[in-house]
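For reference, the chain that follows is the form predicted alone, supplied as structure tokens.
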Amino acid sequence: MTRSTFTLSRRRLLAGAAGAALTTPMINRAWAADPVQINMLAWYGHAEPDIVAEFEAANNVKFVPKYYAGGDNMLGLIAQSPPGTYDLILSDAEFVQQLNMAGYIEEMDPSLYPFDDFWPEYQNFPGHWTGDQLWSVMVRFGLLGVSYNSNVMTREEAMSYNAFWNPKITGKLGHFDWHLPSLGQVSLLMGNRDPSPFDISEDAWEAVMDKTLSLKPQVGGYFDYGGTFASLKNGEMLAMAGIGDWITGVLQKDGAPVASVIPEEGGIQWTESYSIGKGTTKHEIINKFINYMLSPEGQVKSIKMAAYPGLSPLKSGWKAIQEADPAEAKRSGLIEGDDQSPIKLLSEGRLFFRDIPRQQDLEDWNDFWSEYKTA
């Protein structure tokens, strides 16, 4: 081969390679880069493969979660972390304004999210907004009531929080170890409905504490997330205060004889929402993920989350689960007019949004909970 022939051939080879590069889809070249890391602070399950794997694969990102249990724990973790540690924060709704006041989250653009698709009851959710400023977007919720072993207690017996004092379960009542859910349930039992079981006078708070202390002989333990599952599954605990279908729904699928009901005194709604962490530089991909979770596909994943099930605040989410899994839609009440429909329960005044104390300090409730556990 002559020098001129070699040069010509080399030029053709380089030209061909350049052309191939230009015709290769941009997505393939982008995927050669390391994935973008999204640091998420959340309840367990939200960054597990059943929720995020498809989004990660399609967008070349990797979620790195830090899991917590309870809003107090969440605030503590953020306070102990350098600013900008978390790109995406999944918060219980009642703590959003505390995150905002502490400067941990960024204002969000309402026009980026499908609020017209939300049920009206959830479009302007308390605490997510200050005037027209948006700080968090609801992605899922669930209901807390009486959770019980159906081999030991009947549904009729469970239809009041008085079930926690039932002699059948003496020494075998568990508590999910976070004060807001259990104390809120006792507050409902004491008739504190207006304006909410978390907005009560000092006299009412004294009565709630006294009633809670009377429950102590029934109690067999205080449990974290994993312990709550295990103790109900193996029958160590025969009822559990402070939880609901987010625990028993998973156990039912495993064949455990447990159930949850919204008792006559009413239920408490837990609400999980996404906020953007202060100082993140990843706004575009974070907003893309939030909208993915609000899409019909994302809502089906959320409703059926392997870690614990939830309910959808979007009309399209209800339709999607009805089509994808009619049995789950029926079990969870995500059908208009169903007796367990959360929208119906709200309209009947039988649901109350979980909140932080309004007439006491949050520490007052937390301190009492610590005293109760060691009483």
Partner chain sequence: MSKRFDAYPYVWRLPLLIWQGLFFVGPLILMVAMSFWLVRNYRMEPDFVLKNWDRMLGRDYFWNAYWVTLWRATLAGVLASLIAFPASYALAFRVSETTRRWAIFFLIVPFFTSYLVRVYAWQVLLAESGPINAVLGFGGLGPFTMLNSGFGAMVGYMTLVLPLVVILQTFSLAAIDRNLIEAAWNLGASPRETLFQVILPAARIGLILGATFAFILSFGDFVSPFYLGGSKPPTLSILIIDTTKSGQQWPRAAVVAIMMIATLFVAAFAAVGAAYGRRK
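Residue numbers count along the first chain shown, from 1. Nothing here was measured: the structure is a model prediction, and the numbers come from that model.
Missing here is the form predicted in complex with its partner chain; even so, the following discussion is about that form.
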Counting heavy atoms only and using a 4.5 Å cut-off, do F95, Y104 and K373 all touch its partner chain in the predicted complex? yes
To verify the annotation, which of these, N162, N73, Q133, N151, has a non-hydrogen atom within 4.5 Å of its partner chain in the predicted complex? N73
Answer with one of P181, P296, P263, G221: the residue that has a non-hydrogen atom within 4.5 Å of its partner chain in the predicted complex. G221
Taking the partner as it appears in the predicted complex, which of 117-125, 264-272, 95-103, 141-149 has residues with heavy atoms within 4.5 Å of its partner chain? 95-103
Contact with its partner chain in the predicted complex for L362, defined as at least one heavy atom pair within 4.5 Å: yes or no? yes
Heavy atom of L188 within 4.5 Å of its partner chain in the predicted complex: no
Counting only non-hydrogen atoms and a 4.5 angstroms cut-off, does E236 reach its partner chain in the predicted complex? yes
4.5 Å heavy atom contact, Q80 and its partner chain in the predicted complex: yes
